[in-house]
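Just one chain is shown here, as structure tokens, and it is the form predicted on its own.
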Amino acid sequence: MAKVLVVDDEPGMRRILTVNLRRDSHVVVEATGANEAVALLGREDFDVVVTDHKMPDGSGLDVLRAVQDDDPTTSVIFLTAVGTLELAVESMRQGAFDFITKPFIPDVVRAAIRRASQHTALLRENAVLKKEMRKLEGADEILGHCTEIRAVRDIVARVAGTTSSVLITGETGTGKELVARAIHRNSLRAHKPFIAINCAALTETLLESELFGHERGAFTGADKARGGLFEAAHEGTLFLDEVAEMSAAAQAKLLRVLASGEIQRVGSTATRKVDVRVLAATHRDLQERIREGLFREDLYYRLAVVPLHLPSLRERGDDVGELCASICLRIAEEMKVPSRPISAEALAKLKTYAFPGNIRELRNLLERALILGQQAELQPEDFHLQTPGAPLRSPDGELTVEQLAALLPKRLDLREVMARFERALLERALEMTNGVQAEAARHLEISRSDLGYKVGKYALSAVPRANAD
């Protein structure tokens, strides 16, 4: 099924084409001339455009150029009574998919539409694959020999060939997207798109639009209908990073897609079938968020058919050496600089470090060392590490965490202390941001929905007490 724009100034010709194309379940939109076609192309996406050549307000070549400017992957078929060799050559030279003269045989046009829609789908799929190709290189190289990493590789090997959803958990920077790409690359869907989205990076409205698409006018700024990532990932894999940050509404829509295999664009009542394997990841404790009412339990069980936990770098012991060697080679290739080995002293220093940022932090340290290091081997002084157990001092000189802990009594209720401390932090953040919860959430580095839940939990006022008078 394709979405087809039929452009012809003759109503009878448009009607004949529409009736025949709808026999193949195509969605058909009609335009009475070149100007209307150009306007429609600016508002909607089409898979195929069938256009006449001579029309009162323009030509088929004008329509073809508008298609090329808007979306070059859309296939254009010329259907005209003026079947000159010069026009056929010129239209094909400018990028037309086919050229058919009137009077036409309906079955010939229907077959051309089928070929054109397949051509469009192939071009769009190739565009996605090219965009992802650089990221896919080496994606299945899950390095390391510790017990935990061997277990990860074993699960990836066993789950890759299935269609099961996988929930990948672990601290920030442990390589959750790399594992997701490895699952996709070793699956039967490897020749189809792998599309990743960070759910924490978008607002609720934008996230739903990105995932499910939207119709024209669905919200402010939606001046054109757009397909979402579920449609783009059809027959492939969609990776939802930081899935715990999804709003309640987005979670409900995602659950419906996983249960029914159908998506509904924002602002539309129509449904569309999609075949997408969903992989999800989070650094959060989803069981805790379920207890707090921030994550749906039924969605959790849909996503965590196969749970896969990634160990932190500090749990991986001697893997640090192998990771350093591999990452250095990759950085050197990407940055076009010579790769250098790491001295035994520098490696020993790295092995004693806690790596709060995990592999992402390790790469950052290695990249800086390769750029700034001046010796044949990377030395300990090339790695400026955070001091383990360094006090968390605020810029204005207030008490550190260690100093606060020293003031606590010997016997206390830890839950009560933590709750009071959390409440105090929330109140301070709201006061500093004049009650603007979005700003407070960014200040605390938590999601907007997480902050909203905590404000309700502690019955905090959205406006700070200082400003309430």
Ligand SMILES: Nc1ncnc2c1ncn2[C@@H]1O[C@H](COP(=O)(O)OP(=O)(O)OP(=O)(O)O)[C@@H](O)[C@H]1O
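For clarity, every value in this text was computed on a predicted model and none was experimentally measured. One rule holds for the numbers: they count along the sequence shown, beginning at 1.
Below, we refer to the form predicted together with this ligand, which is not included among the displayed structures.
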query	finding
Touches this ligand in the predicted bound form: residue 75 (any heavy atom, 4.5 Å)	no
Non-hydrogen atom contact residue 175 with this ligand in the predicted bound form at 4.5 angstroms	yes
Residue 359, heavy atom within 4.5 angstroms of this ligand in the predicted bound form	yes
4.5 angstroms heavy atom contact with this ligand in the predicted bound form for residue 316	yes
Selected contact from 143, 290, 258, 123, since only one has a non-hydrogen atom within 4.5 angstroms of this ligand in the predicted bound form	143
Residue (of 115, 309, 351, 363) lying close to this ligand in the predicted bound form, criterion heavy atoms within 4.5 Å	363
Partner-facing stretch of 164-172, 100-108, 243-251, 86-94, counted where any non-hydrogen atom is within 4.5 angstroms of this ligand in the predicted bound form	164-172
